[in-house]
Structure formats: structure tokens, C-alpha cells
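So this first bit is one chain, no partners, the form predicted on its own, shown in C-alpha cells.
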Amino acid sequence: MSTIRFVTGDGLPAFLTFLARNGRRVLVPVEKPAVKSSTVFETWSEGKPFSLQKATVPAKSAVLPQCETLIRYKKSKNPDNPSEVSLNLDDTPEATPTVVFACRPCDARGYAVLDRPFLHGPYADPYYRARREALTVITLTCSKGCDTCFCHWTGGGPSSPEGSDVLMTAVDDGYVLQAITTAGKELLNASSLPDGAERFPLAEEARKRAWASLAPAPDLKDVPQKVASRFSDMPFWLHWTERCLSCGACTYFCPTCYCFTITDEGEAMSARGGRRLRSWDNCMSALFTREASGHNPRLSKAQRMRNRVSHKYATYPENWGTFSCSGCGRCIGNCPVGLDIREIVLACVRHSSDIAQETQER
């Protein structure tokens, strides 16, 4: 059996103190009361309140910040020969050792989705890699499903270990922590938490109850081909995007979206120099694909939604063999007009079945 530890609810602050040793940054869910309350990940400090609720926004920024500096650059002239200019570049990745605490399995699987293009593609991204290697993920398993969750549709579940280093499961008197990776094992072994092997059967029972709370998942094995078959059917996409505002909430709340833009800021010859920034971008934005010539190959929101859904359920699976969607449901819960990506995917399946039936009848 893997390394198992136990912590009481009252013992969590002390455990967080342990996690924050040696300069580690610990990101915890924090409730933000407002007209519509939200839960976001913030850096924990001694005495800071935290929540174990599912975060409104995933901790994707731990590996892919909303805005990060890729390169700092500065030019300088030789005072003895002003025509001689030297260029200094600093492309050192900024990677603070970080622990993400109490994210959900769908969030942890988001890291696994990001790993494939950023680490296992033709070129590994050094900035992402530095942060990923400095990251430890402690995941709180879900006690039950909710109306917008569909993690089990996409290959995950309430206790999926993918992307996690430690799985933490609530039992009656506290939390059972199970090491999933070598990094997770080393972390738990270094802690002062007592052994939790005797309570592990309770955690297994809690996980089974969570799975039992989910409605049966539809068969999505042929979805990549069926979504791809809808690509040229613009009336289909126009129908499903009538209500869409192209606001991009679905992308910004998503743990697996990774579109970005590159901009330069500052002036190389100035005293401070310049820097190159990478920032999150939004494929639902009308400006996302506008070219320097002014031409935009995805001018309509229907074309942009087609790209978003097709990437998650057809193109990414073609390249990596799995969906680039963890089924967290945030795009559904945070959509101001109630668009549901599940309905779009299932509609692709139904339309393909209708076409197949019509072909047979002919």
C-alpha cells in the first residue's frame, strides 16, 4: 500500500505551516464574499482563513500565470565606441516551489492536460517545465457530484488520481492522505502526520459513495470523430451559439485552456530595458485570430465556438488520445447565458447518428 497519513480538521493549519516551510508557496482556496460569492486560490500565511469548497477559479496560474515575463532585454552602447551596441537577455524562468492544496480531481487532471503540449510536444516549454517541476498537488477528493460536473464523462471521477501527488479524502474525524507519486510520498514521509492506514478503508468507502452519486455517463468513445464530422456544418454551430456573448468566461474559468498571446513592453535602450510577456488569451474573442493584414478567419462567434469545442473533443484527442476537458463544469456554471458544452457534444453525437440512419434508409 502507498504511504497513508491522517490529519484532523483542526490539524490542517499546522499541516499548512509544514507545507510552507523552506520558502514554499502554498496556494489554498479562499472564500471571497460578494454579490456572487466566489472561492479563489491565494497564497496562504499563518492564521489566514481558508476554505475546502471547490474553487470558482482553478489554480492553473501555478504553472501558467495569467501574465508572465519570458525575457528581459536591454541594449547598451559602448561609451568608447557609440556605434557598438550590446544586447543583454535574461530568459531565466521564474519558478517558486509551490504546493496547491485542496484543489479538486478535475483541477489536477487539468495539469495533466497542460503537460502534454507544454512538456511532451515537439518542443518542451522551459517556463512551464520549471513551474511544473516545482509544483506539488494535494487534491481533495469530491464527496458527491453536482449538476454541472461531468468529470466521469471525460475519463476522470470524484477520486481520479491523475495529475495529483497526494489524494486527500474526508472521513468522519478528519482527512486521509494517500501518496500517489514519489513526490507525494516524500512529502508525507517528511511530515509529522500519524499513519492513516487503519482509516484508509473509510476513505475508500467515501470515494465509492461519491462515484455512486453520479448519473451514468454517456458513451463518448466515438465523440472525436462525430465532433469532427460537424466541423463544416455551420448551421449547426450557428444554432448552438445564438445565445453566446463571446465573453470568454468559459476559457478563463477552464483548467485546461492554454491559449496565450505574446507582447513586448518597454524599450531596449531605456534605463529599465524591455520585457517580453506571455498572457492568457481567449479563443472566443473576435480579435484572437485577426491577422496583421486585418483578415480574420474566425469572424463569427459560431466559428470560434466550433474551434473551442472541436479542439477539446476532436483535435486534442487526435493528437494526444484523450479529451482536453476535465469535466469540471465551470464553463457551464459561469456562463452568463447558460450554454452547456455537454449539450453541444451530445448534439454532435445525435446529428451524426441521424445522418447515419438517413444514409442507411436511402
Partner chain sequence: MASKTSSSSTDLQTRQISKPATDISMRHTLSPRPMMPGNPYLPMPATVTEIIPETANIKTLRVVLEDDERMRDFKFQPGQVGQISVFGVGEATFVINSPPSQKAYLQFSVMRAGEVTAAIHKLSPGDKVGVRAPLGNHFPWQEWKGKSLFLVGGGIGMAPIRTIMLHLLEQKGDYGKISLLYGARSPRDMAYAYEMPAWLDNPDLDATFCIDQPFDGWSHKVGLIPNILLELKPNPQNCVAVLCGPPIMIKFTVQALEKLGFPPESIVTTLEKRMKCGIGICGRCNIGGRYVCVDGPVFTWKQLQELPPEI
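Residue numbers count along the first chain shown, from 1. Quick caveat, the model's predicted, so the values are computed rather than measured.
Unshown form predicted together with the partner chain; subsequent notes refer to it.
Note on contacts: among Thr251, Thr181, Ser229, Ser246, the single residue with a heavy atom within 4.5 Å of the partner chain in the model of the complex is Thr181. For the candidate set Ala190, Cys146, Ala215, Ala124, a heavy atom within 4.5 Å of the partner chain in the model of the complex is found for exactly one residue, namely Ala124. Although the partner is absent here, Phe118 sits close enough that one of its heavy atoms falls within 4.5 Å of the partner chain in the model of the complex. Using a 4.5 angstroms limit between non-hydrogen atoms, Asn307 touches the partner chain in the model of the complex. Taking the partner from elsewhere, Phe50 is found to have every heavy atom lying beyond 4.5 Å of the partner chain in the model of the complex.
Using a 4.5 Å cutoff between non-hydrogen atoms, Asp80 does not count as a contact of the partner chain in the model of the complex. In summary, the region of this chain contacting the partner chain in the model of the complex, judged by heavy atoms within 4.5 Å and restricted to 236-244, 94-102, 256-264, 219-227, corresponds to 256-264. Taking a 4.5 Å heavy atom cutoff to the partner chain in the model of the complex, the contacting residues in 301-322 are Gln303, Arg306, Asn307, His311, Thr315, Glu318, Asn319, Trp320, Gly321, Thr322.
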